[in-house]
Every structure is written in structure tokens, then in C-alpha cells.
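To begin, one chain is listed below as C-alpha cells, in the form predicted alone.
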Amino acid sequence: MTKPYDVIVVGVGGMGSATLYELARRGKHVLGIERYDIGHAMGSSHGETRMIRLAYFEGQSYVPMVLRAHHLWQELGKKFNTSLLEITGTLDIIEPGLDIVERGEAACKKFDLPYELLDADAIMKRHSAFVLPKDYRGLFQPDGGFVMSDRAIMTLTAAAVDLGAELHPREKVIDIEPLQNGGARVKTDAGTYEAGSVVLSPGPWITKFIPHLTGVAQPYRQVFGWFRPLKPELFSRGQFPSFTLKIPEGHYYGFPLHGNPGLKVGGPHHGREPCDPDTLIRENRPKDEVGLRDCLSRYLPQAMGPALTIKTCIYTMTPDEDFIIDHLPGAPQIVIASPCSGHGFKFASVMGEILSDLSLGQTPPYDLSPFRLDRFSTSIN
């Protein structure tokens, strides 16, 4: 058995890589265990880019965290001489009868964030790639954009190792056992390790470790793709924002052209196709492209060029679509950092700080009560 660690991080994706880095930065003896390669495409963190919105309609309790995350992505990019955050502005567009714009506006007002309310005509005049029904509307927030997700994981992991973190890729965790002394033992297919605490951030594999979360943490298959626009100039930075689009066909999202010659579009958001991460159909199917083109053909027709790439990932959803960030009941030395319900990557930088605090017995400076396990009727004691 190896010498005990301060903390073991199980799962080195978005949340895990940020936590590994932050713990190493604090001088802790930390081990990161990842079942696949670092930066793999088997879970929820891959795909080049992830949106970051500050007009957070999912709930105002998220806003202080996303503001801190936004700052950290910029600072980390400067520190490591790379770009991790691209600011494009974000535009949330909705069909009639939804309150997403009102909730986003309330968050902007409470936290003094700049924003604009736009009707369909104003959106199409400003961003001529959109074709919208007259009764659609949107909220534009100029400070949002996207995080370079693949680059972020690689950057944070490399920095953690450089600071002394131990990293075990391609090693599968079999069991996590709380110890009576307050520590925990982690058994893998290659060895057994002990630590004062464990951060459990395995994404869609969370129920493999906590079976009682079955039915609370449900993985869903998600599809996204890159399409070469017919008129690329309409989708360039400055001409086209990062966007979400809540329409009868589903909840879609996308980004301006950046590096990749294709326009990235994902959806239908939270498509509700349950899956098991170990048996997921990862190759694209004809209906996957059709589902994305359902959005493009009606609302972004000038993006209807060839589909360059279609990929899948996994969103692990809770019933209320909020996070689970908590200590395991009866075993506070195990910190649960999953699932993130399809909107978590943008928070990874600040979650590195939060999860490090929790794993070291400290209290993070945020209201985490909305993310507690006890909000669900299912007991996992």
C-alpha cells in the first residue's frame, strides 16, 4: 500500500482536473485517478468548447460561482499563457410562454450585470444568420462566451502534475471504503490507496459508486456536431454570439466559428434518451444529424452545409436539473461532485476551489444548500 495522501480525486475530467490543480497549488499530497486517458471522450467534458453564461436563468444561487469561475478562467489563461475563455457575448432566445428571459434578467439586475432585451426583429437585424418567428425574444449578455474545455483539462492537469500531484490515468477504481479513522481507502485494478478524504467526480459513473443515487442521477445521451456554414461570414466572431435557443424542437446551443471550420451546435438539449455510460451508443446515427438539422433548417438556414463531425457525450441529470455538491451522508470524508445536469463545465474552475475546501474540512464562501443530497426523498444512508 502506498503512503497515505491528503486527498484522492476520483475522475479527472472538468471538475476533477480543477480540483487536482487547486489541491496541488495549496501544497497538498494529492492523487488523481482516471479510468481513461486524460482528456478522453467517454464522459461529459470533451468537445472543444463549453458555454459560460452570466445571466444565469437556472438559479441566482449559481451567479456568484459563475462570476468567480469567469474570473478564474481568465486568470488561469494568463498564468499558463493560453486562452481558456473566449468572450463572445451570449444570447438566450426563447419561444413565447417561457420565463427564461425574465429569470436571466432578474439575475442580471441582482448582480448588476449589463444586458439587453431584444425582440425577434432586433435579434435578426443584429445577427442576420437567425431566422425567428416575430413573437420570439431574447436576452443578450456581453460578458459570456465559451471555455476551451479540452484545453482547460489538459492545462490544469499538467499544472497539477508540475506542482507535485500524482496522476494515475487508465486505472479503474473498483471500490471506495470510508475508514473509521475518518479517512478513506480507494481500491483500483492496479492497487490500493488511502487518503484523508476523497473527491468523487466520476461524472455519469456516479451510481456505480453510490447505487442509491440510481433514479436521482440519470445519464442521458447528448449529441452535438460541427456544420460548415453556407455563408461562414455570418457566423464569425463579432457577427454571431454564443447562443441558447429554446424552441418546440428542443433546447439547442451553439457558438461562433472558432478554430474549427464548422459551426458547433448541440441539442436537443437534455434529449432524455437514458443511457448507461458503459454501454452507450457512441457512434452517430442518422437521426442524430437529423435532430440537429431540425434546428438549423428553420432557425439558422445558412448553417446547413455539410456535417463535418457528429459526436456524443453524456449529461447526468438530477430531477430538478441542479448539481449535487455534498458530503456523503455518514461519510463526510467523501465529497460528491456529480452530477452537474448538463450545465456544469463552466463552473469547473471555481469548483476546484469549492471541492478543495470541502475535502479539507473548510467552508466554501458560497451557498451550497441548493445542491445538498437531502433535497431528494431518496435516502442514501
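Note that the coordinates shown come from a computational prediction; the quantities given were computed from them, not determined experimentally. Residues carry their position along the shown sequence, with the first being 1.
Keep in mind that the form predicted in complex with a small molecule is missing from the display, and what follows is about it.
A.B. asks: Tell me, please, which stretch of 135 to 143, 114 to 122, 93 to 101, 164 to 172 lies within 4.5 angstroms of the small molecule in the model of the complex when heavy atoms are compared?
C.D. replies: Result of the contact check: 164 to 172.
A.B. asks: Scan Tyr299, Phe224, Phe235, Phe227 and let me know which has any heavy atom within 4.5 Å of the small molecule in the model of the complex.
C.D. replies: Residue within 4.5 Å of the partner: Phe224.
A.B. asks: From the list Met51, Ile354, Ala69, Ile324, which entry has a heavy atom within 4.5 Å of the small molecule in the model of the complex?
C.D. replies: When the small molecule is considered in the model of the complex, the option within 4.5 Å is Met51.
A.B. asks: Evaluate Val30 for contact with the small molecule in the model of the complex, applying a 4.5 angstroms cut-off between non-hydrogen atoms, and reply yes or no.
C.D. replies: No - in the model of the complex, heavy atoms of Val30 and the small molecule never come within 4.5 Å of each other.
A.B. asks: With the cut-off set at 4.5 Å between non-hydrogen atoms, does Ile336 touch the small molecule in the model of the complex?
C.D. replies: Although the small molecule is absent here, Ile336 would stay clear of it in the model of the complex, with no heavy atoms inside 4.5 Å.
A.B. asks: For Met15, is any heavy atom within 4.5 Å of the small molecule in the model of the complex, or not?
C.D. replies: Contact with the small molecule, yes.
A.B. asks: Is Cys340 a contact residue for the small molecule in the model of the complex, using a 4.5 Å heavy atom cut-off?
C.D. replies: Yes, Cys340 lies within 4.5 Å of the small molecule in the model of the complex.
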